[in-house]
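Only one chain is included here, represented as structure tokens and corresponding to the form predicted on its own.
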């Protein structure tokens, strides 16, 4: 049975896509893993959005008199004003970690948007038109995959100031081939379906078929998969920051905070540990939700509801 009718292809495809996405999401939400991940993520999101503003603490303001204060549960010099301690310059570790989470998550999401746009666009074009266009795009993906992300980052960010837009572009452009190949393989199959042929017979242009028929049907599954890539991009962003190729100080990010704290691991372990803890919790929450969505998607596609 075809997903779409000849009489009203656009609306039928939209409804089928929304129904599939809704079933996948509902099934994922019912799983304990998704709920646990969502609970952790919501708590972190609220803390990130509210605490730095409500506390009134500037994450980059130095206070030498309060330097290297331990967390509340460690040592005798702790302060209620700095529950997770301070760094070597007297800056509050809780506020710096939460602001670092803001930047890391923003860069992770923006990078995934870039790779989705570039990869899905090129993959859809390659899969729909085939021939020489397909060959050229696939050679581009092969060439891109042959360049390690860290080499591309050094080449681009090493010769210019590592700004947030530049980091987003480097991360996004280094990972788009995965989505290009995914979309290409699926579009090559879907373009042979009855609803696409019906639209072609009805006089629809290639652009209209791609935008109104294929993308609404295929994007939900790709978006569910991309949730896990947000966590992966956050790890890459932190790696760049640790190597000095990420967002530059004094702006706090996980990478540069941990890089600063490695010099104080013996006598001020919390400087590197606290942002690492926040990063680990964030990645765990995203991975729990992403894994639940992927399992639900596979189950729904297999008809095992």
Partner chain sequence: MFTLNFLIRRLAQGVVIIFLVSFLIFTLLRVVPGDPVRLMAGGMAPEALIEKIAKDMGLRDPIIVQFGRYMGSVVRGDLGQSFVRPANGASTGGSSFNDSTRGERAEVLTLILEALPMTLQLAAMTLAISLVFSAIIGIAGGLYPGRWPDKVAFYISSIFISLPNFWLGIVLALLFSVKLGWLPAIGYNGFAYTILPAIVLAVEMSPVLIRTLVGSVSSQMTEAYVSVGRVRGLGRTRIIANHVLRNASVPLFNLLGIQFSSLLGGVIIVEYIFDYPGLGLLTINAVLQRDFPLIQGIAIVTSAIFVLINIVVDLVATSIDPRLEY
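Numbering follows the first chain given and starts at 1. Only a predicted model underlies this, so the values are computations on that prediction, with no experimental measurement involved.
One more form of this protein exists, namely the form predicted in complex with its partner chain; it is left out here, but the text below deals with it.
Interface residue among 89, 154, 109, 188, judged by heavy atoms within 4.5 Å of its partner chain in the predicted complex: 154.
Checking 30, 277, 39, 47 for any heavy atom within 4.5 Å of its partner chain in the predicted complex turns up a single hit: 277. Stretch 231 to 239 is the answer when you ask which of 231 to 239, 109 to 117, 165 to 173, 91 to 99 has residues with heavy atoms within 4.5 Å of its partner chain in the predicted complex. Looking at residue 295, you'd find a heavy atom of it within 4.5 angstroms of its partner chain in the predicted complex. Contact check for residue 207: every heavy atom lies farther than 4.5 Å from its partner chain in the predicted complex.
Contact annotation: residue 223 falls outside 4.5 Å of its partner chain in the predicted complex, judged by heavy atom distances. By the criterion of a heavy atom within 4.5 Å, residue 57 is excluded from the residues contacting its partner chain in the predicted complex. Residues of 112 to 148 that come within 4.5 Å of its partner chain in the predicted complex, judged by any heavy atom, are 139, 142, 143, 145, 146, 147, 148 in sequence order.
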